[in-house]
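Have a look below at one chain only, the form predicted on its own, in structure tokens format.
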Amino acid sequence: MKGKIPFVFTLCTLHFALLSSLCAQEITPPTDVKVFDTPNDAGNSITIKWKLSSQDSLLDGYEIHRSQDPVGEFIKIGWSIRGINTYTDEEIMYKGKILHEVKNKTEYYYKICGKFDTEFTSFSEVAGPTISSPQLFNKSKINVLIGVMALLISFLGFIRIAKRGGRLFIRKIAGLEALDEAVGRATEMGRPVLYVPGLSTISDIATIASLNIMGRVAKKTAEYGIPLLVPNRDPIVLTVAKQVVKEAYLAVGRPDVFKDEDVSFISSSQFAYAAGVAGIMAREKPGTNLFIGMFWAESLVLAETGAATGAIQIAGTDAMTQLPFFVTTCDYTIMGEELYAASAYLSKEPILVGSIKAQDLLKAIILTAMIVGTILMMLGSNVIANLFKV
């Protein structure tokens, strides 16, 4: 305790000396205050910049004051710590209520106050007027616009080539190539095909991709006259799946083969659903199991059960954490983006094929830019890196 008294006394002495110094001379105010509409924004924002006080290191900070009348009352609207010479006066909303308002097309004036303690202040000259207004374009993101336009042009170009009959190469995807063979094997064995469309909702892109593949599988099972079993976890996915299967059967002229009970609802509970599907495998002994969609921890339960029944199995998912389980237990695995390309791969629809090729081109450009940019950065140049700033 005794050691702290001299320390406190020293602090008090320094503080008193600083106050005496500031009393002897006024605080030097901040100067060269500039106010302007914040660029590249949606409005309701004004930026203020100033030159720091020559006594900046002694100050607590700077108060920002605003008024709509250069000779009227100025109200404090913000605070900036010492060493910082910029402030953005922008509209603040919370739960639908405006806590701080900055109107567009309204003139505002500003003063900056250098502040020490509660007694010593020094105001800059009045700056303004300035008004806030929204900008039609964000010029700092022109690179994004150029990228989007390039992607759009490549989309339209590849789609046009595909519609004219041009051959656009898409590499073979083994899992999709084996679909017909898998359905054919189930037909030879006289067993049904089990199709699990994942456990996610209809809003999941993996589920949508799975339903597209299901339409192709349903057409094959209808042609061969074997049952297609589709157990579902989500009621909405159940409704869509029934419609997809019905339309596939109708497209090949076999609506009489469709059985409503083959496309069924099991349970919305994850592992209750997994147990129900495992039971179907044990009872019905499907010749082919297709696990395509979004999966979680139940993936290994389903795939192991199917493998134990001796069925040929094809899995496809964009859940990277589940891919190892499918790779080890299934005959073929459709990985990641291959799932999204399935519709184009199977249907050869020009719009879908063209979009896939445009995406591949964009990926190739980005990959090349990354490699070249890395090399240039190692040589001290940020030219490529600056192109991708947003």
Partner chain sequence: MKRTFPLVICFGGGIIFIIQFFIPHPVSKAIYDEALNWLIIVSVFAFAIALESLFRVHGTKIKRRKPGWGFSVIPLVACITVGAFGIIQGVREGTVFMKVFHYITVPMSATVFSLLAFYMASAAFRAFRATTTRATVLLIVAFLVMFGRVPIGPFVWKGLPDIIEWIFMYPSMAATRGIALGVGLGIIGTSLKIILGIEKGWLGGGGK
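Everything numeric here is computed off the predicted structure, so don't read it as measured data. C-alpha atoms forming the largest set that superposes within 1.5 Å between two forms make up the rigid core. Positions refer to the first chain, counted from 1.
Keep in mind that the form predicted together with the partner chain is missing from the display, and what follows is about it.
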Check your understanding: When the partner chain is placed as it is in the predicted bound form, which of 330-338, 65-73, 48-56, 29-37 ends up with heavy atoms within 4.5 Å of it?
Key -> 330-338
Review point. Which residue, 285, 141, 100, 160, has a heavy atom that falls within 4.5 Å of the partner chain in the predicted bound form?
Key: 141
Exercise for review: Tell me, out of 155, 116, 258, 109, which residue has a non-hydrogen atom within 4.5 angstroms of the partner chain in the predicted bound form.
Suggested key: 155
Check your understanding: Hey, in the predicted bound form, is residue 215 touching the partner chain, heavy atoms inside 4.5 Å?
Key -> yes
Check your understanding: Is residue 60 close enough to the partner chain in the predicted bound form to count, meaning some heavy atom within 4.5 Å?
Key -> no
Check your understanding: Are any of the heavy atoms in residue 247 no more than 4.5 Å from a heavy atom of the partner chain in the predicted bound form?
Key -> yes
Review point. Heavy atom to heavy atom, is residue 123 within 4.5 Å of the partner chain in the predicted bound form?
Key: no
**Study point:** Full three-residue contact with the partner chain in the predicted bound form, heavy atom 4.5 Å, for 84, 369 and 374
**Key:** no
Study note, to complete from the structure: Within 133-170, the residues having any heavy atom within 4.5 Å of the partner chain in the predicted bound form are 134, 135, 136, 137, 138, 141, 144, 145, 148, 151, 152, 155, 159
Check your understanding: By the 2 angstroms cut-off, has the C-alpha of residue 223 moved between this form and the one not shown once the rigid core is superposed?
Key -> no
Review point. Taking the rigid core as the reference frame, is the Cα of residue 147 displaced by 2 Å or more between this form and the one not shown?
Key: yes
Exercise for review: Align both forms on the core first, then report whether residue 297 has a C-alpha shift of 2 Å or more between this form and the one not shown.
Suggested key: no
